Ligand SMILES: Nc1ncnc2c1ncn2[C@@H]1O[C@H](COP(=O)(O)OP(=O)(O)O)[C@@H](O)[C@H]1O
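In the block that follows, a single chain appears as C-alpha coordinates, in the form predicted on its own.
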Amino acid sequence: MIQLYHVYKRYPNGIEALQDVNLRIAEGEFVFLTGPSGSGKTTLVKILLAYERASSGQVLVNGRNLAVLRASSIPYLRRNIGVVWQDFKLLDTRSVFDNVAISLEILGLRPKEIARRVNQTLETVGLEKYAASRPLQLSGGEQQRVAIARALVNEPSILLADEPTGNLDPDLSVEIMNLLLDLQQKGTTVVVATHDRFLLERYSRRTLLLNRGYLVEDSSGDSALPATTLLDEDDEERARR
(Lines give C-alpha, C1' and ligand atoms only; values in the text may rest on other atoms or scores of the structure.)
Protein backbone atom coordinates (compact mmCIF):
# COMPACT_ATOMS: atom_id res chain seq x y z
CA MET A 1 0.00 0.00 0.00
CA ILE A 2 2.74 2.48 1.07
CA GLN A 3 6.42 1.62 0.64
CA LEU A 4 9.58 3.72 0.98
CA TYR A 5 13.05 2.53 0.04
CA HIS A 6 16.13 4.59 0.96
CA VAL A 7 14.19 7.85 0.78
CA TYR A 8 16.01 11.16 1.27
CA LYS A 9 14.60 14.68 1.13
CA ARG A 10 16.99 17.61 0.97
CA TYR A 11 15.66 21.15 0.74
CA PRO A 12 17.52 23.90 -1.18
CA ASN A 13 18.50 25.55 2.12
CA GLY A 14 20.48 22.44 3.04
CA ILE A 15 18.03 20.95 5.54
CA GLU A 16 17.95 17.14 5.45
CA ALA A 17 14.26 16.55 6.19
CA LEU A 18 14.38 12.78 5.57
CA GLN A 19 17.42 10.53 5.61
CA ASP A 20 17.48 6.93 4.36
CA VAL A 21 13.88 6.13 5.36
CA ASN A 22 12.69 2.58 4.69
CA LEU A 23 9.22 1.37 5.62
CA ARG A 24 6.16 -0.54 4.49
CA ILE A 25 2.57 0.11 5.55
CA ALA A 26 0.15 -2.64 4.65
CA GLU A 27 -3.35 -2.27 3.27
CA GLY A 28 -5.87 -1.63 6.05
CA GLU A 29 -3.20 -0.88 8.66
CA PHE A 30 -3.36 1.90 11.27
CA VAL A 31 -0.02 3.61 11.92
CA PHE A 32 1.12 6.49 14.10
CA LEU A 33 3.93 8.66 12.71
CA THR A 34 5.55 10.60 15.52
CA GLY A 35 8.63 12.60 16.48
CA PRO A 36 9.57 16.09 17.70
CA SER A 37 8.87 19.23 15.69
CA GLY A 38 11.11 19.31 12.64
CA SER A 39 11.62 15.53 12.63
CA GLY A 40 10.21 15.11 9.12
CA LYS A 41 6.60 14.04 9.78
CA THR A 42 4.91 16.68 7.63
CA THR A 43 7.53 16.29 4.89
CA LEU A 44 6.79 12.57 4.71
CA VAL A 45 3.03 13.23 4.47
CA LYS A 46 3.63 15.77 1.67
CA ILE A 47 5.80 13.29 -0.23
CA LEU A 48 3.07 10.66 -0.06
CA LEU A 49 0.67 13.23 -1.53
CA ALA A 50 3.20 14.27 -4.21
CA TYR A 51 3.24 17.85 -2.88
CA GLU A 52 6.98 17.27 -2.45
CA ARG A 53 9.32 14.98 -4.38
CA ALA A 54 11.88 12.79 -2.66
CA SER A 55 15.44 13.86 -3.48
CA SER A 56 16.38 10.20 -3.92
CA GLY A 57 15.00 6.77 -3.20
CA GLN A 58 11.73 5.09 -4.16
CA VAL A 59 8.23 5.90 -2.91
CA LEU A 60 5.37 3.56 -3.89
CA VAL A 61 1.76 4.45 -3.07
CA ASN A 62 -1.00 2.13 -4.24
CA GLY A 63 1.54 0.49 -6.53
CA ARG A 64 2.56 3.77 -8.19
CA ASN A 65 6.20 4.83 -8.18
CA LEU A 66 6.07 8.54 -7.33
CA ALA A 67 9.60 9.11 -8.63
CA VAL A 68 8.39 8.66 -12.20
CA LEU A 69 4.79 9.80 -11.77
CA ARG A 70 3.77 12.31 -14.42
CA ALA A 71 2.29 15.62 -13.29
CA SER A 72 -0.90 14.76 -15.14
CA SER A 73 -1.29 11.61 -12.99
CA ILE A 74 -0.96 13.37 -9.63
CA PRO A 75 -4.67 14.34 -9.36
CA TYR A 76 -5.61 10.69 -9.86
CA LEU A 77 -3.17 9.66 -7.12
CA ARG A 78 -4.65 12.21 -4.71
CA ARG A 79 -8.18 11.15 -5.59
CA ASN A 80 -7.43 7.88 -3.80
CA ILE A 81 -5.87 9.53 -0.74
CA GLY A 82 -7.87 11.45 1.84
CA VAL A 83 -6.00 14.05 3.89
CA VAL A 84 -6.89 15.80 7.14
CA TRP A 85 -4.87 18.82 8.31
CA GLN A 86 -4.52 20.25 11.81
CA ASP A 87 -6.09 23.59 10.88
CA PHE A 88 -9.10 21.94 9.14
CA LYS A 89 -8.81 24.19 6.01
CA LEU A 90 -12.61 24.60 5.77
CA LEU A 91 -14.33 27.34 3.76
CA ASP A 92 -16.18 29.48 6.30
CA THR A 93 -18.44 31.06 3.68
CA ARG A 94 -19.85 27.70 2.55
CA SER A 95 -22.06 25.21 4.35
CA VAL A 96 -20.87 21.93 5.83
CA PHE A 97 -22.51 20.13 2.90
CA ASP A 98 -20.72 22.33 0.36
CA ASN A 99 -17.34 21.89 2.10
CA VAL A 100 -17.66 18.13 1.84
CA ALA A 101 -19.01 18.25 -1.72
CA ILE A 102 -16.22 20.37 -3.24
CA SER A 103 -14.01 17.54 -4.48
CA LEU A 104 -16.97 15.73 -6.02
CA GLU A 105 -18.01 18.90 -7.83
CA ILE A 106 -14.49 19.23 -9.21
CA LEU A 107 -14.72 15.65 -10.48
CA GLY A 108 -17.91 16.55 -12.31
CA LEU A 109 -20.25 14.11 -10.57
CA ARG A 110 -23.96 14.60 -11.04
CA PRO A 111 -25.80 16.54 -8.30
CA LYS A 112 -27.83 13.48 -7.29
CA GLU A 113 -24.69 11.38 -6.80
CA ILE A 114 -22.97 14.22 -4.93
CA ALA A 115 -25.93 14.52 -2.57
CA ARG A 116 -25.97 10.78 -1.97
CA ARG A 117 -22.27 10.57 -1.17
CA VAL A 118 -22.14 13.72 0.96
CA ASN A 119 -25.17 12.78 3.04
CA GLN A 120 -23.86 9.25 3.54
CA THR A 121 -20.45 10.55 4.62
CA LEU A 122 -21.90 13.13 7.01
CA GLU A 123 -23.92 10.34 8.58
CA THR A 124 -20.74 8.29 8.97
CA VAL A 125 -19.11 11.08 11.01
CA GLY A 126 -22.31 11.91 12.89
CA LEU A 127 -22.93 15.35 11.35
CA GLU A 128 -25.93 14.80 9.10
CA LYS A 129 -28.02 17.33 11.07
CA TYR A 130 -25.40 20.04 10.51
CA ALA A 131 -25.35 19.85 6.70
CA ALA A 132 -26.73 23.39 6.28
CA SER A 133 -24.57 24.94 9.03
CA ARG A 134 -21.44 27.01 8.46
CA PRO A 135 -18.16 25.70 9.90
CA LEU A 136 -17.82 28.58 12.39
CA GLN A 137 -21.14 27.58 13.93
CA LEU A 138 -19.62 24.25 14.97
CA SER A 139 -17.28 23.23 17.78
CA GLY A 140 -13.64 22.41 17.12
CA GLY A 141 -14.34 18.68 17.25
CA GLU A 142 -17.27 19.04 14.85
CA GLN A 143 -15.15 21.08 12.43
CA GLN A 144 -12.54 18.33 12.46
CA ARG A 145 -15.28 15.82 11.69
CA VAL A 146 -16.23 17.94 8.67
CA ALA A 147 -12.60 17.85 7.55
CA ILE A 148 -12.59 14.06 7.93
CA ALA A 149 -15.85 13.79 5.98
CA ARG A 150 -14.34 15.88 3.19
CA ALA A 151 -11.35 13.53 3.12
CA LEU A 152 -13.57 10.44 3.00
CA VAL A 153 -16.22 11.47 0.49
CA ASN A 154 -14.09 10.25 -2.44
CA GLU A 155 -13.97 6.83 -0.77
CA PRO A 156 -10.14 6.82 -0.65
CA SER A 157 -8.13 3.72 0.14
CA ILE A 158 -5.66 5.75 2.25
CA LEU A 159 -6.31 8.45 4.86
CA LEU A 160 -3.42 10.68 5.95
CA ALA A 161 -3.98 12.86 9.02
CA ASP A 162 -1.34 15.46 9.94
CA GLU A 163 -1.76 16.44 13.62
CA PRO A 164 -5.56 15.98 13.39
CA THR A 165 -6.07 16.55 17.13
CA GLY A 166 -3.50 19.29 17.64
CA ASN A 167 -6.12 22.00 18.27
CA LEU A 168 -8.46 19.84 20.34
CA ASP A 169 -8.77 19.07 24.05
CA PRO A 170 -8.15 15.48 25.26
CA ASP A 171 -11.83 14.44 25.20
CA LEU A 172 -12.32 15.67 21.64
CA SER A 173 -9.00 14.09 20.63
CA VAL A 174 -10.28 10.71 21.79
CA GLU A 175 -13.52 11.28 19.87
CA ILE A 176 -11.63 11.97 16.64
CA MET A 177 -9.24 9.05 17.18
CA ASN A 178 -12.11 6.64 17.74
CA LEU A 179 -13.60 7.79 14.45
CA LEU A 180 -10.31 7.20 12.61
CA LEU A 181 -9.98 3.75 14.19
CA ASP A 182 -13.51 2.91 13.11
CA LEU A 183 -12.61 3.88 9.53
CA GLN A 184 -9.56 1.63 9.68
CA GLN A 185 -11.72 -1.25 10.87
CA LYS A 186 -13.77 -0.81 7.68
CA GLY A 187 -10.66 -1.28 5.52
CA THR A 188 -9.11 2.19 5.11
CA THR A 189 -5.35 2.47 5.57
CA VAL A 190 -4.83 5.23 8.15
CA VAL A 191 -1.60 7.12 8.90
CA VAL A 192 -1.76 9.65 11.73
CA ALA A 193 1.15 12.07 12.20
CA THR A 194 1.17 13.31 15.80
CA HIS A 195 3.45 14.32 18.65
CA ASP A 196 0.68 13.81 21.23
CA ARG A 197 2.04 11.36 23.82
CA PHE A 198 -1.43 10.99 25.30
CA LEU A 199 -2.72 9.42 22.09
CA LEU A 200 0.32 7.24 21.59
CA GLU A 201 0.01 5.85 25.12
CA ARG A 202 -3.77 5.40 24.99
CA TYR A 203 -3.87 3.52 21.68
CA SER A 204 -1.66 0.51 21.18
CA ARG A 205 -0.88 0.74 17.48
CA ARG A 206 2.21 0.48 15.33
CA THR A 207 4.30 3.62 15.83
CA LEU A 208 7.00 5.02 13.54
CA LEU A 209 9.37 7.43 15.30
CA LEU A 210 11.24 10.03 13.26
CA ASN A 211 14.12 12.10 14.61
CA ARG A 212 16.12 14.59 12.53
CA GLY A 213 14.84 12.91 9.40
CA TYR A 214 15.79 9.37 10.38
CA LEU A 215 13.30 6.59 11.11
CA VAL A 216 14.82 5.62 14.44
CA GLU A 217 12.14 3.28 15.74
CA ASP A 218 9.35 1.11 14.36
CA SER A 219 7.22 -0.69 16.92
CA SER A 220 6.90 -3.61 14.49
CA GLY A 221 10.69 -3.82 14.15
CA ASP A 222 10.66 -3.55 10.34
CA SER A 223 12.75 -0.37 10.28
CA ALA A 224 15.82 -2.34 11.31
CA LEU A 225 15.71 -4.29 8.03
CA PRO A 226 17.55 -3.05 4.95
CA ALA A 227 15.25 -2.06 2.09
CA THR A 228 16.34 -4.97 -0.09
CA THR A 229 14.95 -7.45 2.44
CA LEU A 230 11.60 -5.69 2.31
CA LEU A 231 11.23 -6.03 -1.47
CA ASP A 232 9.45 -9.01 -2.95
CA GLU A 233 9.60 -9.82 -6.66
CA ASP A 234 6.60 -7.65 -7.59
CA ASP A 235 7.92 -4.76 -5.50
CA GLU A 236 11.25 -4.86 -7.29
CA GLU A 237 9.53 -4.66 -10.67
CA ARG A 238 7.41 -1.65 -9.57
CA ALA A 239 10.44 0.14 -8.09
CA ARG A 240 12.26 -0.09 -11.45
CA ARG A 241 9.40 1.63 -13.35
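Position 1 is the first residue in the sequence shown; the rest follow in order. All figures in this text were calculated on a predicted structure; none of them were measured in a lab.
The same protein also has a form predicted in complex with this ligand, omitted here; what follows describes it.
- A heavy atom within 4.5 Å of this ligand in the predicted complex is found for exactly one of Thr188, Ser173, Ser39, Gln58: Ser39.
- Proximity of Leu23 to this ligand in the predicted complex: non-hydrogen atoms within 4.5 Å are absent; the residue sits far from the partner.
- Look at 24 to 32, 62 to 70, 40 to 48, 176 to 184: in the predicted complex, residues with non-hydrogen atoms within 4.5 angstroms of this ligand sit in 40 to 48.
- Although this ligand is not shown here, in the predicted complex the stretch 3 to 24 places heavy atoms of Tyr11, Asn13, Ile15, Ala17 within 4.5 Å of it, in sequence order.
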